[in-house]
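To begin, one chain is listed below as structure tokens, in the form predicted alone.
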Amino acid sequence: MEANNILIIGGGAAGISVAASLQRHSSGKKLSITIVDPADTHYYQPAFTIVGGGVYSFDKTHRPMKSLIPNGVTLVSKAATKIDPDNNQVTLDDGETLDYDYLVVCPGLVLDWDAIEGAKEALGKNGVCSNYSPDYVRYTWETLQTLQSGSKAVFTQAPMPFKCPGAPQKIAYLTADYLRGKGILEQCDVTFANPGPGMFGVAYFAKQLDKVIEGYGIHKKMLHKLIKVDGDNKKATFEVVDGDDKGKVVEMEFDMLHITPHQKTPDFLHGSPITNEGGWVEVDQESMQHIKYPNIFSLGDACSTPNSKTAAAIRKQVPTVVANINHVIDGQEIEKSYYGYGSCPLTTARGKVLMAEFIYGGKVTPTLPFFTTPYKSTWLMWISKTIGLPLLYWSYMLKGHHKFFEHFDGL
């Protein structure tokens, strides 16, 4: 029996989980699975916020890529540069081509520092930091500890979409909580600037987060987009993107500036036959199957589904993708079983997390309603964030045990 040749672009949470799950949940099928990814290190990115907040070790967030590839799966440590869906072929950065029977596209997103003038040059010094990069996340904690009475800390959010939409405000809360613990919060100026109109995309949780931000006395600047950073003079420039002051330019001084970079799909997807004008892989939002090419699937941050871009969303997308690849191989009908689930553990203080869980349409879907209330920050969810979720990620999700999670959406 000839093997079904499955090619996966991306060795992040989505790519490795799909490969491992296909091995576990494709009984009776002969599969040849290849992952294409040039990275030599795999990061558990959901922990970057708490690394920057000084409550988690950076060393726990990464492992060698090769150590996570399932036995029997081939890793090609190169970058994809072109997809030819009409000929079932992918071109790599050295000119080599790989054929496939089934393609899974999950390369993640690229941090676009160039979209903000001066950001790339300013990072890592003069109080300019970002939890979105493993290169700078430890500097966030270094900078946070230098704040003193009278300091100005500014936290920015990028235009949507970007991965982990709660992360920009989580570090603002951890900083404010740290300053409160030192007894100097009221003497400091903490600002959260967001180009969007509200604190969160789901109204239910936005109301709760408004209370959190007010409780800390953080200045909320909605509709403010960061456009320029002057690290040497410690000044950040914002543009008001809507409302009566649309187009107005506002300058803020800072001692600490946490940047959320703009984010985009990798260049090889822009102008590709499988993507829309924005460079997002066009899939059915419930089946994860490409709308034109039935042997192509996509999941994770680079696909067009309108869900929150989080690891929790990937965990719910993986079973759908794996089941549907098996269905296509068997000539069976595709199932539509992903309903937009996303989970965002919103770290509102040291020792407290508000677990935001929701599906398409912003419907709130708490996993453990008898143990926690979806609008409350709890210690139980903090334990989940700092201990439970990392354990489940490394030991279960990346090993393809998606059946383990069937009744525990938030985990």
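Residue indices: 1-based, along the sequence shown. Predicted, not measured: the structure shown is a model, and the values here were computed from it.
Here the subject shifts to the form predicted in complex with a small molecule, a form of this protein not shown in this document.
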The small molecule contact in the model of the complex: Lys78, any heavy atom under 4.5 Å: yes
Contact of Pro195 with the small molecule in the model of the complex (heavy atom, 4.5 Å): no
Hey, in the model of the complex, is Pro266 touching the small molecule, heavy atoms inside 4.5 Å? yes
Does the small molecule come within 4.5 Å of any heavy atom of Lys170 in the model of the complex? yes
Choose from 195-203, 130-138, 173-181, 326-334 the stretch whose residues reach within 4.5 Å of the small molecule in the model of the complex, heavy atoms counted. 130-138
Could you tell me which one of Gly351, Pro64, Pro38, Gly362 places a heavy atom within 4.5 Å of the small molecule in the model of the complex? Pro38
Ok, Leu103, Ala158, Val154, Cys164: which has a heavy atom sitting within 4.5 Å of the small molecule in the model of the complex? Cys164
If you check in the model of the complex, do Ala20, Lys316 and Thr320 all have a non-hydrogen atom within 4.5 Å of the small molecule? no
